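Here we start with a single chain on its own, the form predicted alone, put down as structure tokens.
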Amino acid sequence: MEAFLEEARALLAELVAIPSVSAEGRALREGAAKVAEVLEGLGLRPELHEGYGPPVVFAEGGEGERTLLFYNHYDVQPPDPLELWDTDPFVLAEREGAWWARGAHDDKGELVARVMALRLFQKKHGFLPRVKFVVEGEEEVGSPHLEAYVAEKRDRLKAEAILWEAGGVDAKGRPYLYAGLKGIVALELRARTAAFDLHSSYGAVVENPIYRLSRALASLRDEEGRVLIPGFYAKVRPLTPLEMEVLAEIPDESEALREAFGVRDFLGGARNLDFNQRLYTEPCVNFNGFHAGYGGPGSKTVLPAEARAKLDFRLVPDQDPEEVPELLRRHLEAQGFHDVEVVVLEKGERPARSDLAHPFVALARRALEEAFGEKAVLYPNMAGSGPMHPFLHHLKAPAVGLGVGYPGSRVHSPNEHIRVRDFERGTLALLRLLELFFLGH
């Protein structure tokens, strides 16, 4: 096992050394080329598919009647703020039983775990099973070209099941898997009440955009967080009895999270099943930032001309991210906020959830439990978002996420890392899933 971990560490070091930051359009071709090289070394036939933003790395190979498709991405978040990193974000460091670098978990560490699981399978059973990889370079900026890619390449991507990009263990070290992701649409609201900033004395007769926009924002949800936009919940798919059963099995971490987050209470006093249902299977609106006027030291008696707020809606099946902005506009106009502009910031992602009764979900859960020696936690979908919908929609195959991270991995933050022990156990769980899927035992 020591040689296995050293090989994995060396491979991860090569991948994180490439600063493939999609938000900056940085080193993406280099990242794609390196991934193609790694997959070719595994014995697969890689191709770089152009015309969908940065190159999409597609690879296939192996033998057998069944096919498993892996989805991953080679792009990473910006490392900023650099001063908060303990080491160079693009040089893999090992300390305190962990590997540290930008992308160590999200998603280069996860990609390495999949490559290593396939190498272990090949070494143990003497052949490479039939697998395909789709590794894109735009996940961290919303995967704007992936829908078209999957739609156009559906025949090449066809598989019986899909292994999603990430997973790991929860705060108590229990392994978990998930069968879906929420959708998202990010927006900006803008209110302007004057051609330029005015002296604050005009506040007696001129409307303030901060007041205007804050009232508009307050109209979007109630005190418990329920969205007040008419029609917003119209397409929400009711939970099935099995989905409710799975939700009820999720351990209640609400109190631990309340203390960790430093919040007085959760919206509506949510606890236990209510907390899990809200977090994982209900949509919401969140305000990301509010920008207006003067925020420097001391005072400045000014009436700002404009106020802006950024917000996002997290969506659940079968809500449509293209419909939400229009519903929002109609709501604002009906409330008298016809002057508040709605700007869509990026192409939204549709929500997705696999059928929890599909045998592949049970197979993945069994693999985790056999590798970890304890019951795995199944989430109908995670609270976050990702481009899973195109795969479920076009390939008609289930997708399940499991991997090598933990809640303290600091994904998207300085000092991102994975614990070596989690990587080892997560990779062995992936190996066990490959055996169950391809060998039946």
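A residue's number is simply how far along the shown sequence it sits, counting from 1. Bear in mind that the values here come from a model prediction, so they are computed numbers and not experimental data.
Quick note: we don't show the form predicted together with another copy of the chain, though the next part is all about it.
A.B. asks: Report yes if any heavy atom of Ala371 sits within 4.5 Å of a heavy atom of another copy of the chain in the predicted complex; otherwise report no.
C.D. replies: Contact check for Ala371: no, nothing within 4.5 Å of another copy of the chain in the predicted complex.
A.B. asks: Is Tyr294 part of the interface with another copy of the chain in the predicted complex - any heavy atom within 4.5 Å?
C.D. replies: Although another copy of the chain is absent here, Tyr294 would touch it in the predicted complex, with heavy atoms inside 4.5 Å.
A.B. asks: Report whether the minimum heavy atom distance between Ser201 and another copy of the chain in the predicted complex is within 4.5 Å.
C.D. replies: Contact with another copy of the chain, yes.
A.B. asks: Should Gly384 be classed as touching another copy of the chain in the predicted complex when contacts are defined as heavy atoms within 4.5 Å?
C.D. replies: Contact check for Gly384: yes, within 4.5 Å of another copy of the chain in the predicted complex.
A.B. asks: Thinking of another copy of the chain in the predicted complex, which stretch from 154-162, 98-106, 315-323, 282-290 has heavy atoms inside 4.5 Å of it?
C.D. replies: Within 4.5 Å of the partner lies stretch 282-290.
A.B. asks: Select from the listed residues Asp86, Glu255, Asp355, Glu207 the one whose heavy atoms reach within 4.5 Å of another copy of the chain in the predicted complex.
C.D. replies: Result of the distance check: Glu207.
A.B. asks: Leu242, Leu345, Leu273, Ala148: which sits within 4.5 Å of another copy of the chain in the predicted complex by any heavy atom?
C.D. replies: So the residue touching another copy of the chain in the predicted complex, by this definition, is Leu345.
A.B. asks: Which residues within 207-230 place at least one heavy atom within 4.5 Å of another copy of the chain in the predicted complex?
C.D. replies: Contacting residues: Glu207, Asn208, Ile210, Tyr211, Arg212, Ser214, Arg215, Leu217, Ala218, Arg221, Asp222, Glu223.
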